[in-house]
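The chain below stands alone, shown as C-alpha cells; this is the form predicted on its own.
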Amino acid sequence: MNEAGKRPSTLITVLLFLGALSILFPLYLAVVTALKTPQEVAASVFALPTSLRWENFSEAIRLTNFFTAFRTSAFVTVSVVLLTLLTNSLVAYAIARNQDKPLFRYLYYYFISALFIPFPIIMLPVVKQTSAWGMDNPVGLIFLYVVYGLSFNIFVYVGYIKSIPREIEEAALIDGATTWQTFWKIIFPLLSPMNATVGILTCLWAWNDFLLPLVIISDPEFATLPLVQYIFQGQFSTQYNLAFASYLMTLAPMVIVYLLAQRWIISGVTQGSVKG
C-alpha cells in the first residue's frame, strides 16, 4: 500500500499483473491449440483458429480411451485422499500427544527425515518390491501415495494438533470417552482446516502425478490420465491439437474441485498459518 494506505502500490500491481499473465497466457495457448487443425498449429501457435475444431476432443477421447483412464484416476485419487486423511491424522495425533516419550519423538524425526529423500533414489527398489508382492496395480499405487505423503502430512498435522488445548481431551476422558472416541468425535472435527489443506494437496498430487504410475503400473488397462497423455508424443512428431484437447479434459475435474472447495482451502491455509 502507498503512503495514503488506500491504493495498492505500483510494484504490487505490476507483480499481480505478471502473475496473472503467467497463468492466463499458457491457458490461452492450450485452448486455442486444442481448437485448431494441425496445419493451423504449424502455421502460427499464437493465432486464433479460423474455425472451432471440436472433433479434436472426440478424437482425443477415442485415442486415449479417456473414460477408462478417468475412472482409474478418480478411483485412485478419491481412495488416496480418504485414506490419507484418516490414517495420517491418526498417526500425527498419537505422535503429537506423546512427543515427551523417546519412542514417539524418534518416530517424529524419522518421518520428517523422509522429506529429504528424493524419490528417484528409492524408485528401483520400490518397483521391484511392488512387482514381487503383486502390487503393480491401482491398489499398490494407492498404498504408496498414502505412505509417501505421511512425512509431510505428519509435519503439518503435528504442529496444528499441538495448538489444540489438552483440556478438551481431558474433559472428554472424564466424561468416559475412549481415546478413539476422543480423536474421532472431538479432535478430527477440529482438524478441518488442516484436513482441507492436506486433502486438496493430496488430491492434486495423486491426480496429476506421472512418475509413480509410470514405474508402478504394468497393465495398460490400469493407466491413469497422465499416463495416457503420452500417446501423443511420437518419435518424430507430436499431435499438439489432440494433446492439448486431452490436457484440457484432464484439467477440468481439478478446476471443478477447486471451485467447489475453495472456501475450505483458503480457510485451511489461513487458519493453518495462524495456528501453526
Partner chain sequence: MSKPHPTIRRTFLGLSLLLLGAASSASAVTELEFYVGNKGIDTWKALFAAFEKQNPDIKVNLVVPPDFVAVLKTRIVKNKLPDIVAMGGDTNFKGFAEGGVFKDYAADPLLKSVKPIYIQQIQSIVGGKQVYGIPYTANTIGLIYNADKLKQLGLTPPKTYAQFIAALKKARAAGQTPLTLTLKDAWVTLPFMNAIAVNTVPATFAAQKNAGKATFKAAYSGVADKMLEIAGYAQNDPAGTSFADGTAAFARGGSVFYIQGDWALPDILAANPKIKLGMVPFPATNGANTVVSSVDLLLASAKDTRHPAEVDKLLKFLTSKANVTTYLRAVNAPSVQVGTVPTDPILSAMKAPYSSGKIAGAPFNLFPPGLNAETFFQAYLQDKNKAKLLDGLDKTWTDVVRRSN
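Computed from a predicted model, the values in this text were never measured in an experiment. Numbering follows the first chain given and starts at 1.
This protein has a second form, the form predicted together with the partner chain, left out of what is shown; the following refers to that one.
Counting any non-hydrogen atom inside 4.5 Å, which residue from I61, L52, V215, L48 sits next to the partner chain in the predicted complex?
Contact check passes for V215.
Is it true that Q39, F75 and F210 each have at least one non-hydrogen atom within 4.5 Å of the partner chain in the predicted complex?
Checked in the predicted complex: all three residues contact the partner chain.
Do Y106 and the partner chain come within 4.5 Å of each other in the predicted complex, heavy atoms counted?
No - in the predicted complex, heavy atoms of Y106 and the partner chain never come within 4.5 Å of each other.
Would you classify S131 as touching the partner chain in the predicted complex, given a 4.5 Å non-hydrogen atom cut-off?
So S131 counts as contacting the partner chain.
Contact with the partner chain in the predicted complex for L86, defined as at least one heavy atom pair within 4.5 Å: yes or no?
Yes - in the predicted complex, heavy atoms of L86 and the partner chain come within 4.5 Å of each other.
Can you tell me if A69 lies within 4.5 angstroms of the partner chain in the predicted complex, counting non-hydrogen atoms only?
A69 lies outside the contact set for the partner chain.
Relative to the partner chain in the predicted complex, which residues of 119 to 152 have a heavy atom no more than 4.5 Å away?
Heavy-atom contacts within 4.5 Å come from L124, V127, K128, S131, D136, V139, I142.
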